[in-house]
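As structure tokens, one chain now follows by itself in the form predicted on its own.
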Amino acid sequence: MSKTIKENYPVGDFAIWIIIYVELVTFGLLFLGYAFSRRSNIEMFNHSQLMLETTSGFINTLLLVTSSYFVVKAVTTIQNMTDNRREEFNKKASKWLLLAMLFGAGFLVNKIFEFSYIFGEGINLSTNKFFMFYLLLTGFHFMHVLLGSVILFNIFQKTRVYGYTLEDHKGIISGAAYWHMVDFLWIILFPLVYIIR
């Protein structure tokens, strides 16, 4: 039988929630800037959007959402562990985290190809306002996925040495919260930049 440990709210490390709040406000301001700039020149924004590879953006959405699912499975595995099966539950969680990292890496590789195409077309921050926002938003998000991948790797390393217990698993919850924020931001960014005309 697994014991139920009462979680404090917010779950995980309080510092991660401050970071998440700051990141959400920052992206929120960028999203507002994009929306107001688009409103003043809809035709140019719509024309520029046609140069983006929507299929690539959709694939990246699937990759991140699936990766987040695997992170949820890893956290749930740790939360359901029993005291006498610590190694087994950490091993299971490490497998879920490995899958999450692979899908996150898939996002990064796909995005690199997309950036290569855009830069290959001679597009940069000064091309127009649409591409300025596109490169700022997707580039900034790319860096967050990269950081999130490093966080997932550190969590993965801890599961490999059976470091999480039922009583002490704040680290995996904090890392998962950050990864879900990265996923959530992309779910807003993708339709806003790639689809909405």
Partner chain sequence: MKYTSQMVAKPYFIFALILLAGEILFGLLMGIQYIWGDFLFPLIPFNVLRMVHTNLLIVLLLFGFMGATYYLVPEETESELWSPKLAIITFWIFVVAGVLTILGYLFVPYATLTELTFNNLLPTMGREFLEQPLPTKVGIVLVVLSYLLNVSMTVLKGRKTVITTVLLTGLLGLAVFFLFAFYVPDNLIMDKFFWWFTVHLWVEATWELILGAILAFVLIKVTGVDREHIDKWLYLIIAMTMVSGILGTGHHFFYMGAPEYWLWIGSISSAVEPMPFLLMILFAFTMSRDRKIKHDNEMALTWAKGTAVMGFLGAGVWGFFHTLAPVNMYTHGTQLTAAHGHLSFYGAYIMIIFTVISYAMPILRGRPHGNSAKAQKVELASFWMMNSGMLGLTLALSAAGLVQIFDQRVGTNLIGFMESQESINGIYMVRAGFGLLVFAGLLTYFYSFFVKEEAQQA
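What you see is a predicted model, and the numbers here were worked out from it, not measured in a lab. Numbering follows the first chain given and starts at 1.
From this point on, the text means the form predicted together with its partner chain, which you will not see here.
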(request) Can you work out whether its partner chain is within 4.5 angstroms of a heavy atom in all three of Met51, Tyr178 and Asp183 in the predicted bound form? (result) no
(message) The chain here is shown without its partner chain. Which stretch in 127-135, 148-156, 161-169, 54-62 comes within 4.5 angstroms of it in the predicted bound form, by heavy atom distance?
(response) 127-135
(request) Tell me, yes or no, whether Phe142 is in contact with its partner chain in the predicted bound form, where a contact means a heavy atom of each within 4.5 Å. (result) no
(request) Would you please decide whether Thr66 lies within 4.5 angstroms of its partner chain in the predicted bound form, comparing each non-hydrogen atom pair? (result) no
(message) Residue-level contact is defined here as any heavy atom of the residue lying within 4.5 Å of its partner chain in the predicted bound form; does Ile187 satisfy this criterion?
(response) no
(request) Answer yes if any heavy atom of Met44 is within 4.5 Å of a heavy atom of its partner chain in the predicted bound form; otherwise answer no. (result) no
(message) Only counting heavy atoms and a 4.5 Å limit, does any residue of 168-197 reach its partner chain in the predicted bound form, and if so which ones?
(response) none
